[in-house]
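One chain comes next, on its own, written out as C-alpha cells in the form predicted on its own.
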Amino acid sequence: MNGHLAILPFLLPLAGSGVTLLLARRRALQGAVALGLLLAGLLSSAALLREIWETGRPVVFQMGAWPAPHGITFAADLLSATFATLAGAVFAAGGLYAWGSRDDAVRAQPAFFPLFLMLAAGLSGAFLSGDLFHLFVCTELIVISGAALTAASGGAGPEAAFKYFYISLVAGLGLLIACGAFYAAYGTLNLADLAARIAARPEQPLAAVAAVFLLVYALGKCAGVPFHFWQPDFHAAASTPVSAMLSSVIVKLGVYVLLRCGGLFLPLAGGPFRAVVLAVGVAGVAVGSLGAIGTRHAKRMLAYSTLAQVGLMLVAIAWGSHGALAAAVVLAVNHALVKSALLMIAGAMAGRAPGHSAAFDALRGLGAALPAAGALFLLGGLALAGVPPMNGFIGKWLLFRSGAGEERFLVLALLAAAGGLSLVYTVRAYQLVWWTPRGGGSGASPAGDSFAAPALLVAACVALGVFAEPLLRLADGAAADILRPDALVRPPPPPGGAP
C-alpha cells in the first residue's frame, strides 16, 4: 500500500501555489499550470480512493517518519477519501472556469491562481488530516486564501471578506480551544489516539468542553444557523470561481468534521449534541428556503439554498443511523457538484449582463440567445430540487427513507416543503432569465465566461442520477466507517518504532 497517496492531494496544490506565483507575469501559462496541478490533485485523490476501496484498509502517512501520535498524520478511509476526491473534482472544474474567465478579479490579479491552489490544498489537507491541530492549520490556509480572494474581487468584496474572515475567526478559535482542552485532558491530538483515550476515560470534564467548541467550529465552517449571515453577501461580492468553491465544497468541511468526529468521539448519537445539530439543521432548511424565495439576486438565491441543503445534511447527521449517514454523504457529493455548476452558470450570465450584475432585473431575458446555458441551469435546478432522475433525488430519497423508518414524520414534512420551495425558486430563476422577454434593456454581451466547466459538472449530476449504484455503495461503506471506526482507531506504534 502506498502511504504517499494520502499526502499527494494536499502536497500538489500547495507546492503549485509557490510555482504559479513565480509565473505571475505570464498569466496564460500560470493558469495552464494551475489547472494541470488541480487535475493532478484530482487524479491522486481518485487513486487514493481506489486504493482504499480495493484493499478495504485505510491509508496512513506519517510526515518526517515520526511515529504516531507524535508526528503529523495524514489518514484516509472511505469517508475522507470520498470528500478529498469530491474537492479535487470541483476545484479542477473551478480551475477550468477560472482559466478562461474574463472577470477582472481573475485576469487582473497575479495572485489569484496561487491563492486558489492554496485554497484547494487547505481543503484537501483538512479532509485528510489525522490530528486536530493539523486540521486547524489547514483551516487557516482556507480562511486566509478565501478571504484574500474575496477581498480582491473589488466592489463589496472587502466587506464580504471581513464578514467571512471574522466568522471564520470565531470558528477557528473554537477549534483551537477544543485542541487545548483535548490535549490538557488526554495528552494527544492524534484522532485515532484521542478516540482510544476518550473511550478509556470518558469522564474527563474537559472532554465535554472540547466537544462543545468543536461543535462550534463545525457549525461555523458549514454556515449553520446562527453562523450563516456571511453567506449571501459573500456570494454576491466574490468572483464566480471563488463563490462556486466556497458554497459547494468549502462548506462541506463542517459537515465532514461532524461525520468524522461524531463517529470517533463526539456524543452525537444521543443527548444534547444530537438535539443541537438537529435544531440547526431544521433552522437552516427553513431560513435557506425562505431566503432563497425572497431574494432578487441569482447568486444570493443560490447562497441561501446552500443553507437549506446543508441543513438536510445536518438533519441526517443528527439522526445518526446507518441509512441517514449514507444519505448525508450522498447529499454532500451531489450538492457540491450541482451548486458549483449553478454558480458558474449564474456568474457566466452575469458577466454578459450590463454592469456584470447577477440581479434578476439585470439578467431578465438575457438567456434568449443562450438556450444551451438555460438547459444546463434547468437540469441543475432539477438536481437541486431532487427531481428524478437527477442525482439530487438519490440523497433525498435515502434521507426520507431513513426518516420514515424512524417515524420522523414532522421533520420530513418540513423537508418536503423545503424541496417544493427549491423547485419554485430555481424554476422562477430559469423563467426570468431564459423565458421572459428582455424589454428595452441592452442584450447580452457576445463574449463571456465559458460554460464548459459547468457543463461537465451537470453531466456528472446526470450520470450520478442515472447510474447511482457506485455512489450508493461508496456512501454505504463510508457510513460503515463512521459507525465502526475500528480500522482507523488503532493503537499507535511505540515511540521510536516503525511508523
Partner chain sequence: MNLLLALAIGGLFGTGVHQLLRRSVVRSAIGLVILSNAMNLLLLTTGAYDGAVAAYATLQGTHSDALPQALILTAIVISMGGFSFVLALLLLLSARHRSDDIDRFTELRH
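Numbering follows the first chain given and starts at 1. Small disclaimer: the values here were computed from a predicted structure and weren't measured.
Keep in mind that the form predicted in complex with the partner chain is not shown, yet the notes after this line are about it.
Contact with the partner chain in the predicted bound form holds for none of Leu39, Leu43 and Ile52, as no heavy atom of theirs lies within 4.5 Å.
This chain is displayed alone, yet in the predicted bound form one of Val255, Ala147, Leu363, Leu246 has a heavy atom within 4.5 Å of the partner chain; that residue is Ala147.
With the partner removed from view, the residue among Pro202, Pro354, Gly100, Pro158 that has a non-hydrogen atom within 4.5 Å of the partner chain in the predicted bound form turns out to be Pro158. Remark: Leu410 does not count among the residues lining the partner chain in the predicted bound form, judged by a heavy atom distance of 4.5 Å or less. Contact annotation for Ala237: at least one heavy atom lies within 4.5 Å of the partner chain in the predicted bound form. Contact check for Gly180: a non-hydrogen atom falls within 4.5 Å of the partner chain in the predicted bound form. None of the heavy atoms of Arg260 is located within 4.5 Å of the partner chain in the predicted bound form.
Only one listed stretch (148-156, 337-345, 313-321, 76-84) carries heavy atoms within 4.5 Å of the partner chain in the predicted bound form, and that stretch is 148-156.
Residues Phe133, Phe136, Val137, Glu140, Ile144 of 119-145 are found to place at least one heavy atom within 4.5 Å of the partner chain in the predicted bound form.
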